[in-house]
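Quick heads-up: it's one chain on its own, the form predicted on its own, in structure tokens.
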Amino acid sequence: MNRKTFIAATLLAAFGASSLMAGCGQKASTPAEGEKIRIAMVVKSLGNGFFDAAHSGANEAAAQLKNVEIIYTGPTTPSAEGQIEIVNSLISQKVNAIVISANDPNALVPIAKKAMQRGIKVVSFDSGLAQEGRLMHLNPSNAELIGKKQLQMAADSIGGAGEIAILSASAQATNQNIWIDVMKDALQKPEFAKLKLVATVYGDDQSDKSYREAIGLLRSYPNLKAIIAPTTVGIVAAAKAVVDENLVGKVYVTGLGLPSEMAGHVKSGAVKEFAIWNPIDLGYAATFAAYDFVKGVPDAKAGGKFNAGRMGAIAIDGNGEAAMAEPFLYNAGNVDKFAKIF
């Protein structure tokens, strides 16, 4: 290669490099000291009380972190297409992180990967993205915590001893079956030794069938003390059955429910306490996770952990998944407050 050719080649290479850099101009830069970190929370749809509560948790986290701006957005109706359009817009805005509850775990992967290629940290929460589309997914809880929490609530409601039954959704419901297996294993432990599981029935997440199954339990087992329903449909149906059979104060219902649907049953006395994940805490923790990823905290990775503020450190497993905490407990002291939210 002669000298002129060499110079031309060098200039061309330099031009190509500068063009490549220009092409990467859309990449989100690491915020400078004191610069606001912009975290976009993309929810399944706007106007959803659960996600409005998660937004308030995100704002709480932002206030504590001090240099965070929350961009709260989502489609008007829950669809993957609506979220894809929004994420594409957020890429153009060069946000630093996207925290998303996905309407479709797979359809959103290509746009999420595009965001990450541009330097945007993508974290899913509540409803997860497939592993290749995010850095981390924050589950509201895990099977061990969910199962044991329900058994503990039943034990607390009936003084730690007596017959209990489970009213589940369908016999094929994977998550419910896992929780029931956790409960059965926990029954072998000393702290639950005085509880006796007499039956497990399935209402197929249909109100009428769940109600009939609950009535059947109450009439078949006269010494029954508690019904655990790990389904929002089943717990409402079981509580109604207890009231209709005039067994309030003799049989207690617990499990997983929504405060807006359960407040009346707590007041009736059919339910002492129930649980579900707290969306405020979920939005709060997800924001802290995104912050750690943006800041490049060494532990913010699969197999590591992230700081979740008032909720402490939360471990991230090898698949990039984390579980926030045990389900949040609701009772007469707080159910009315949360019933206004979701």
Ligand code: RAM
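Residue numbers run from 1 along the displayed sequence. Given the structure is predicted, the values throughout are model-derived calculations rather than measurements.
Not on display, but discussed next: the form predicted in complex with the named molecule.
Colleague: Report whether all of Glu163, Leu187 and Leu224 sit within 4.5 Å of the named molecule in the predicted complex, measuring from non-hydrogen atoms.
Modeller: No: none of Glu163, Leu187 and Leu224 comes within 4.5 Å of the named molecule in the predicted complex.
Colleague: So in the predicted complex, does any heavy atom of Phe306 sit within 4.5 Å of the named molecule?
Modeller: No, no contact at 4.5 Å.
Colleague: Using the partner position in the predicted complex, report whether Asp126 sits within 4.5 Å of the named molecule, counting heavy atoms only.
Modeller: Heavy-atom contact with the named molecule at 4.5 Å: present for Asp126.
Colleague: Can you work out whether Gly133 and the named molecule are in contact in the predicted complex, taking contact to mean some heavy atom pair no more than 4.5 Å apart?
Modeller: Taking the distances in the predicted complex, the answer for Gly133 is no, it never comes within 4.5 Å of the named molecule.
Colleague: With the partner left out here, check for me: in the predicted complex, does some heavy atom of Ala112 sit within 4.5 Å of the named molecule?
Modeller: Judged by the heavy-atom cut-off of 4.5 Å, Ala112 is well away from the named molecule in the predicted complex.
Colleague: Have a look at Asn96, Gln83, Gln176, Ser210 for me and say which one sits with a heavy atom within 4.5 Å of the named molecule in the predicted complex.
Modeller: So the residue touching the named molecule in the predicted complex, by this definition, is Gln176.
Colleague: Pick from Ile276, Ile316, Val68, Val294: which residue has any heavy atom within 4.5 angstroms of the named molecule in the predicted complex?
Modeller: When the named molecule is considered in the predicted complex, the option within 4.5 Å is Ile276.
Colleague: Can you check 153-161, 264-272, 68-76, 228-236 and let me know which stretch has heavy atoms within 4.5 Å of the named molecule in the predicted complex?
Modeller: Partner-contacting stretch among the options: 228-236.
Colleague: Which residues, if any, of 48-65 lie within 4.5 Å of the named molecule in the predicted complex when only heavy atoms count?
Modeller: In sequence order, Asn48, Phe50, Phe51 come within 4.5 Å of the partner.
Colleague: Which is it in the predicted complex for the CA atoms of Gly312 and Gln150, closer or farther than here, knowing they shift by 3 Å or more?
Modeller: Between the C-alphas of Gln150 and Gly312, the gap widens in the predicted complex (3 Å or more compared with this form).
Colleague: Given that the shift is 3 Å or more, do the Cα atoms of Asn48 and Thr232 end up closer or farther apart in the predicted complex than in this form?
Modeller: Their C-alpha distance shrinks by at least 3 Å in the predicted complex.
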